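One chain comes next, on its own, written as structure tokens: the form predicted alone.
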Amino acid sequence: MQALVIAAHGSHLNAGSSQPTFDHADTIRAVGAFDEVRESFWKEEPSFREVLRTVDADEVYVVPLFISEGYFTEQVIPRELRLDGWDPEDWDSDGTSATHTTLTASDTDQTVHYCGPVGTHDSMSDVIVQRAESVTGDTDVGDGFGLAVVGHGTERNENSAKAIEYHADRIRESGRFDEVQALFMDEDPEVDDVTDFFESDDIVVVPLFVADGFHTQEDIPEDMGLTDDYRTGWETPAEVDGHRIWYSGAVGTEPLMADVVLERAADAGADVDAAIDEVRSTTGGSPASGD
């Protein structure tokens, strides 16, 4: 038997924070990729610390539903899962290239294939593009459009910006959009000045966040000038400084994100190729990043 555990942050304050995790887990269950699929959280139940005890399988694939490599993926999750011998160097990563490592959970003796976060997987570029398709309603969106990939950014974790820049670079190199720019909330270049970085009349803004919350539904819309008060909502597209802003909300709510979870498990050795094809067909996904 093989099981999948999706490890996400969750929230005590935002009830909707965990919904994408449950949605993607349900999608993966529906295609029968694993004998068991479990959700786990840092701020909700079931917790990272207890989740392996809810799994009957002796072999478990753990995929962090996080955007970047850092504190949670390198310290918190391995510690809470009690993975014997874990060392971040096992990933041999430059900040965007973590793959997987196989370890033993000390208190359950399960074999755990611990994967890199979804946010740095190459397939995330496809999800960003599909998010642009979803918000514009145009499966061919790109010509005449600019694309802003937005992240939090923080001086405490340089990998936070690396993930955003990595996908912006990949999509730019694909040539699909006229312009592509990585922007941030807490470092330069800032999303507040989004229109300063584009000549295109139409700009799609995709936040590289797992779930919609305060940042994606309050801070970013107000910072960009879509609305003076997030509680009154905003138009899509919204006119800002002579540009049309198509604001998509968090990329992690896109159904195709389930594919990235499966891709991470496949890279670690899980036999899920058929499930990946089925998820892509049911969520409308197709390679869009120029690979």
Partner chain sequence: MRDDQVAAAEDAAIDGIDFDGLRLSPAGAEYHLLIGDGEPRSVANDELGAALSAHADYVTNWYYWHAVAPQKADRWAFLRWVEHAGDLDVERRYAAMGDGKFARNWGQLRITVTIDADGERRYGLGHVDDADEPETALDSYDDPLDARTLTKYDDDGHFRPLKTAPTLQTGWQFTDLSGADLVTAVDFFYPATVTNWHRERGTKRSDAPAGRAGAERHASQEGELDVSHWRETMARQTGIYGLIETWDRGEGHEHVEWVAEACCDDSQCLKRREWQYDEETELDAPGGEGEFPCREPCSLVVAAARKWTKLESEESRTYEFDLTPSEKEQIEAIIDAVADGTADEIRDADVYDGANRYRARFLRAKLFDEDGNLSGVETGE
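These figures come from a predicted structure and were not determined experimentally. Residue numbers count along the first chain shown, from 1.
One more form of this protein should be noted, the form predicted together with the partner chain, which is absent from this view; the next part is about it.
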Looking at heavy atoms inside 4.5 Å, which stretch does the partner chain contact in the predicted complex, given the options 244 to 252, 223 to 231, 39 to 47, 261 to 269? 39 to 47
Thr54: heavy atom within 4.5 Å of the partner chain in the predicted complex? yes
Although the partner isn't part of this model, could you tell me whether Arg176 comes within 4.5 Å of the partner chain in the predicted complex, counting any heavy atom of the residue? no
I'd like to know whether Ser18 contacts the partner chain in the predicted complex, with contact meaning heavy atoms within 4.5 angstroms. yes
Is there a heavy atom of Arg82 lying 4.5 Å or less from a heavy atom of the partner chain in the predicted complex? yes
Whether Phe22, Arg29 and Thr108 jointly form a contact site for the partner chain in the predicted complex is the question; each needs a heavy atom within 4.5 Å. yes
Listed residue (Gln75, Thr139, Thr102, Thr99) with a non-hydrogen atom within 4.5 angstroms of the partner chain in the predicted complex: Gln75
